[in-house]
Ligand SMILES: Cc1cc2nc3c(=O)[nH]c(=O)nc-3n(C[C@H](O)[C@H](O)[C@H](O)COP(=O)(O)OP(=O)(O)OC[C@H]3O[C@@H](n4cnc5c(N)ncnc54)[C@H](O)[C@@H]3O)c2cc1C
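The chain that follows stands alone, in the form predicted on its own, written as structure tokens.
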């Protein structure tokens, strides 16, 4: 008989989106989150059309449109000269070309909208302050008295559920650290456009900036090499660490360093990747989101891939009466897609952080590409329809 209820471990974007995707197919879910309340961590988030389309299917797009910003374009700019190199049109162009919008907002805002939708859905039950650390099926049976036919690990990079799957992928530190800066609208310089996402490309690092309506200012994220501070999303930088970061920008335009020094206390976190391996145990346990395939943010697709996962898994289970068969179909559908996104991120990292003659060649090639051609290169990514 069709599956009636699943257990989801982790109530981040991956877990909440999966629960709502299951509910669309009439499948109930119990979500278990170890935190006593969902905290607002992380930085801004880019929601590309492949994900916003799915959020629209959940009936959440109007709520997001009320608080997010739809940039007119995604612009690539030289970090050493502030010269515009190329841009991908967004705004109305994104809606027309890919059938869904491109928006930017705070990660916590998306999580909050998803959580409220889960709380309002009679097929979804959220259990906070409930840790599932070892032997997920046995732990959940002890906590709830329910023998779930499927446990879904949506518990992130350092997943506990993943340990129950033999041959599952393992996390590793990428060697990069993500730094977040915020500053109010009154500090926005004339060279920083308020109607676009701007990616500043520089030697060995890059910086992405865009407005966040929720904070009445700008969000800036720098990706640079560095040592891991451990399992954290919100490390506070000391003076030595800040000096080290500013040193990464020593060959950049001085106006960028001047702006960074004016911003609020930066926070940072390590960028971990989860490599290749099995995403399910062939019976009753499966992974979604970062637990299965955490990638570095060079393609800005972490949250989008998690949302796609939930929709695909829900469809596979709804269409099959056999859970192992559905899990195999899910993995077969998603692994090539994630691998392609990972490959694009690797390419972007090389291109964004290029130095010397390679940087000059990159700038020349980008300047020769018309916006429509750059947009066409993203059709496979933004035009994708999951689930």
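Bear in mind that the values here come from a model prediction, so they are computed numbers and not experimental data. Positions refer to the first chain, counted from 1.
In what follows, reference is made to the form predicted together with this ligand, a form of this protein that is not presented.
Going by a heavy atom distance of 4.5 Å, is residue 302 a contact of this ligand in the predicted complex? Contact with this ligand, yes.
Under a 4.5 Å heavy atom criterion, is residue 130 part of the interface with this ligand in the predicted complex? Contact check for residue 130: yes, within 4.5 Å of this ligand in the predicted complex.
Within a 4.5 Å heavy atom cut-off, is residue 310 in contact with this ligand in the predicted complex? So residue 310 does not count as contacting this ligand.
In the predicted complex, residue 156 touching this ligand (heavy atom, 4.5 Å): So residue 156 counts as contacting this ligand.
Specify the contacting stretch among 70 to 78, 132 to 140, 196 to 204, 85 to 93, defined as having any heavy atom within 4.5 Å of this ligand in the predicted complex. The contacting stretch is 132 to 140.
Looking at 34, 320, 348, 335 here, can you tell me which has any non-hydrogen atom within 4.5 angstroms of this ligand in the predicted complex? Among 34, 320, 348, 335, a heavy atom within 4.5 Å of this ligand in the predicted complex occurs only for 34.
Please pick, from 255, 242, 116, 107, the one residue with any non-hydrogen atom lying within 4.5 angstroms of this ligand in the predicted complex. After the contact test, the surviving option is 107.
Can you work out whether this ligand is within 4.5 angstroms of a heavy atom in all three of 162, 316 and 387 in the predicted complex? Not one of the three qualifies.
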